[in-house]
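Just one chain is shown here, as structure tokens, and it is the form predicted on its own.
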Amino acid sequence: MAIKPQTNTNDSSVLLRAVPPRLYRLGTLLKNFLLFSSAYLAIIAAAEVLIVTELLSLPLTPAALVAGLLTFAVYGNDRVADLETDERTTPARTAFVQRYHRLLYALSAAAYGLAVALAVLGGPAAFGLALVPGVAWLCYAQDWLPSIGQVKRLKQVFVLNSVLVAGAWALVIVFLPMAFAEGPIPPAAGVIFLFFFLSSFIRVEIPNVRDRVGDREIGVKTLPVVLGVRGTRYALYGVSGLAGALLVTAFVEGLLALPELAWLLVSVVYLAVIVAGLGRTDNNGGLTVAAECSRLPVLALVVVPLL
């Protein structure tokens, strides 16, 4: 049916009414799955491996697929495990996970199994790296420290919680493609690892602003809980500055070429702009997604020209 021109109605609502209900529901379900199951984080993890592959001039390998599967599996399990604590901070996501938790759990388990199986093809180092996210998640989220005062999970330990998450993912993203390539580790790898670690730390702490009320109630100490939103903003400015200084130093020392320096600085500036929005907007969920997508401009700069 043709859509008649409207003069005094909202164009988007007219277009939405023109979409068949079944197609609209399917589109909504796909969007929610992509966003709430962490599938989009898996896509970003794969993109990060492609960026590292190009920065270190490595051959294309299954590393990107393995990293994506690992990310989907770990965050999927984390969504299911934290249903009670996430209900207040992310109600829409919690409702989706509650409804599909069995399917999400099964997909996450299958994804981790497939990731480990593929990692075996990359040799012992790749296999070992594939186990890192799972072990880190168990240490981070599970109650295995009952005898250390009130601390039951590493998730509750100030700074260490974010260091553990950022370190585990930076290790996989940077060194997994090198393990698959089975070549020598180039000097620039250390710089790129530190860059991914620092920028991942920022990305871990940004959603903690949204979650600070719930985190405080369950005893999880994050930067926003301990320093407040303003203090978190200044702390993350400091981490951004440290990442920028690292890149410039690496360029001066000849470890990074000018294009690589420029590409990675784009990511640092992008993150700093998002950090500047903390406490200045109510859309903390939007800031979280924007921060998690901070690699995409780099992907466009690095990979698209090669196509």
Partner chain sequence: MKLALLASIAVGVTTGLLAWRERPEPGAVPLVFLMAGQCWWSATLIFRIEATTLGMKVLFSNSTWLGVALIPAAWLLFALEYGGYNEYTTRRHVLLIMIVPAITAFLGFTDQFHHLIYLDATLIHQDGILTLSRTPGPWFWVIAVYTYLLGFLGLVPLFKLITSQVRSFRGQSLTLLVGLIAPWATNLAHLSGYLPTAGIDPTPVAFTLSGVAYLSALTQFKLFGASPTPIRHARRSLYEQMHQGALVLDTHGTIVDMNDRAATVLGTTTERALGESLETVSPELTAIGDTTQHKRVFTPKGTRRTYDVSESPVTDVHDRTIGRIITLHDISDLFRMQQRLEVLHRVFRHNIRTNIQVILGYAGYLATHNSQSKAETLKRNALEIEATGEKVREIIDVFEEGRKERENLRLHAVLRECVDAMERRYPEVTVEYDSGPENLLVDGLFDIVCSNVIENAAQHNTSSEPWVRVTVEASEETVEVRVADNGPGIEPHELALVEDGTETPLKHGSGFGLALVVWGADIAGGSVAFESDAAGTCVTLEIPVAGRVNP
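Residue numbers count along the first chain shown, from 1. The structure displayed is predicted, hence computed values, not measured ones.
Not pictured, yet referred to below: the form predicted in complex with the partner chain.
Comparing 232 to 240, 168 to 176, 117 to 125, 206 to 214 against the partner chain in the model of the complex, the single stretch with non-hydrogen atoms within 4.5 angstroms of it is 117 to 125. Among residues of the shown chain, A109 is one whose heavy atoms approach the partner chain to within 4.5 Å in the model of the complex. At the 4.5 Å threshold, heavy atoms of V191 stay clear of the partner chain in the model of the complex, well away from it.
Residue contact with the partner chain in the model of the complex: F158 places no heavy atom within 4.5 Å of it. Contact annotation for P186: none of its heavy atoms lies within 4.5 Å of the partner chain in the model of the complex. Although the partner chain is omitted here, in the model of the complex none of A45, P62 and V132 has a heavy atom within 4.5 Å of it. Shown without its partner, this chain lists V80, V225, A136, A181 as candidates; in the model of the complex, only V80 has a non-hydrogen atom within 4.5 angstroms of the partner chain.
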